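Single chain ahead, written as structure tokens, the form predicted alone.
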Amino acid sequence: MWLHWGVTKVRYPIHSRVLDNGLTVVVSPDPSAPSVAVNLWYDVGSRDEAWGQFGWAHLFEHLMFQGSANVGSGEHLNALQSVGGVANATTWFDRTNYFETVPTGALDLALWLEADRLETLPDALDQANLDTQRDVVKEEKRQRYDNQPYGDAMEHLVRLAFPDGHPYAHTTIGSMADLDLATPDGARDFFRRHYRPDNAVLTLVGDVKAADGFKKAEKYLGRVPRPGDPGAVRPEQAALPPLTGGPRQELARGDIPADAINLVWRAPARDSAECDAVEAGLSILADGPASRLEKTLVRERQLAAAVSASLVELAGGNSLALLSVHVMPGVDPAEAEQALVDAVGEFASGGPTLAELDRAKAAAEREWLTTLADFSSRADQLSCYATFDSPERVNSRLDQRLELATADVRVACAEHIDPAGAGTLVYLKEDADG
């Protein structure tokens, strides 16, 4: 674990190697609990989807639980739950991850299940399975995106931030029309290009010794052959400059609780010092009761009911910086927007105080400590850094964040969250009469 900055840092043990079939394996022993987190990252996300295949990476996440040569539909989850394990998966712009936490004695079972679907999933990929999971994904889109207030915000924000055809200009949930175009043959081709041992990272964290972890990984996943072809080749994505021109979109909606203003910027790619500085700036602006926007827009001027900020860390050239304000009932949204723009502009030009930056650092440290304290979350971070950089980065990642100076944040925010160049998405609450 980590201790407070400036005090002794304790490093997690991290061992890694690449198997003959190209699979990267990371093992981080921790005997503090009799369980093991198993985490598989596949280097495929929505940015790898071709035109007409938007949503296929997420669809494939669901298909991976639909059965393989030796495992029936739904049996992957049932087998792990029957021994006290839990499992799930997620899809994002840059990756698809599969993760389970199992009692130590069930590690062999978890690895055998992962190996079976990596090697033989196309054997079970038929029209019925595809139709079942396509319907599940489409229902998820309806419930979580289409029928939720502000549920389509990210879809509009990425379009404001990135030009047509950019890998990040569409969301992971995809489109109904593209999901309808999926066929068993198309899904098998997607699998062959992306689901391969040389495009994956396996991480084990918990009650397992490094030698045993490598031995078991070799036994089960090491036997999965490396395909003879090179697989999908992702074009190098150059960083785009900050937004200019202030692209804007306004949406009138009757199903939202309040007017809302969203600002979006292109930020530097994940894990860079500049990206960390932008993230610290966003935290200072809108993270918690001591944040600038909370004090000015919510408490003092009572223009906003809530403010929030987030950094969407992305690997392909640019990340996204987001600010959101829900306007107080009865307040003119134009007045709230101008107050937001003024506050962000003042911060972007003047930068933070030392006290503000210290609070942001403390929040970042607390969040990182909490993440790494959990076996499953730690395994996910190790897989992440093994994919994008090196798993050892987990042991030094916090150092970079805590080394930020007020000048670093001021310079980065002046360039990357200048309100004059922000993309703006405004939701206006429509009267019941229309």
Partner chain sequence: MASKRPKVKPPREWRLGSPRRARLDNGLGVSVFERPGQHIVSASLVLDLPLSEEPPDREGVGELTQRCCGEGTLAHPGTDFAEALDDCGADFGGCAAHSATQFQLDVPASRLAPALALLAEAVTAPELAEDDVERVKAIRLAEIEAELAQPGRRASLAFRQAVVAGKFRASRPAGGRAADVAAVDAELVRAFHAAHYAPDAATLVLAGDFEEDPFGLVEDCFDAWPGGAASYQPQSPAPDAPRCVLIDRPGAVQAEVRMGAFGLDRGDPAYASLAVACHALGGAFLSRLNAVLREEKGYSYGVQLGNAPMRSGGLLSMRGSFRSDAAADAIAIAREILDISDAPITPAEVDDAVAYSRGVTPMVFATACGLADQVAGLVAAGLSAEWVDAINQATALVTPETATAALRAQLRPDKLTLVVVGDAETLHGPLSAAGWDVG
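From a predicted model like this one, the values you see are computed outputs, not experimental measurements. Numbering follows the first chain given and starts at 1.
Below: the form predicted together with the partner chain, not depicted.
Visitor: Could you work out which of Val102, Leu314, Val158, Leu282 is the residue within 4.5 angstroms of the partner chain in the model of the complex, going by heavy atoms?
Guide: It is Val102.
Visitor: Considering non-hydrogen atoms and a 4.5 Å limit, which listed residue (Ala169, Met328, Leu130, Ala269) is close to the partner chain in the model of the complex?
Guide: Residue within 4.5 Å of the partner: Met328.
Visitor: Contact check in the model of the complex: Asn78, Val83 and Gln302 versus the partner chain, with a cutoff of 4.5 Å between any heavy atoms. Do all three pass?
Guide: Yes: each residue has a heavy atom within 4.5 Å of the partner.
Visitor: For Arg223, is any heavy atom within 4.5 Å of the partner chain in the model of the complex, or not?
Guide: Although the partner chain is absent here, Arg223 would touch it in the model of the complex, with heavy atoms inside 4.5 Å.
Visitor: Even though the partner chain is not shown here, does Ala405 get within 4.5 Å of it in the model of the complex, heavy atoms only?
Guide: Ala405 lies outside the contact set for the partner chain.
Visitor: Since only the chain is shown here, I'm wondering whether Arg253 would be in contact with the partner chain in the model of the complex (any heavy atom pair within 4.5 Å).
Guide: Judged by the heavy-atom cut-off of 4.5 Å, Arg253 is well away from the partner chain in the model of the complex.
Visitor: Would you classify Ala373 as touching the partner chain in the model of the complex, given a 4.5 Å non-hydrogen atom cut-off?
Guide: Output for Ala373 is yes: heavy atoms within 4.5 Å of the partner chain.
Visitor: Looking at 260-268, 188-196, 317-325, 148-156, which one sits within 4.5 Å of the partner chain in the model of the complex if you count heavy atoms only?
Guide: One stretch meets the cut-off, namely 148-156.
Visitor: Mind listing which residues of 108-131 have a heavy atom within 4.5 Å of the partner chain in the model of the complex?
Guide: If the 4.5 Å heavy-atom criterion is applied to the partner chain in the model of the complex, 108-131 yields Asp108, Leu109, Trp112, Asp116.
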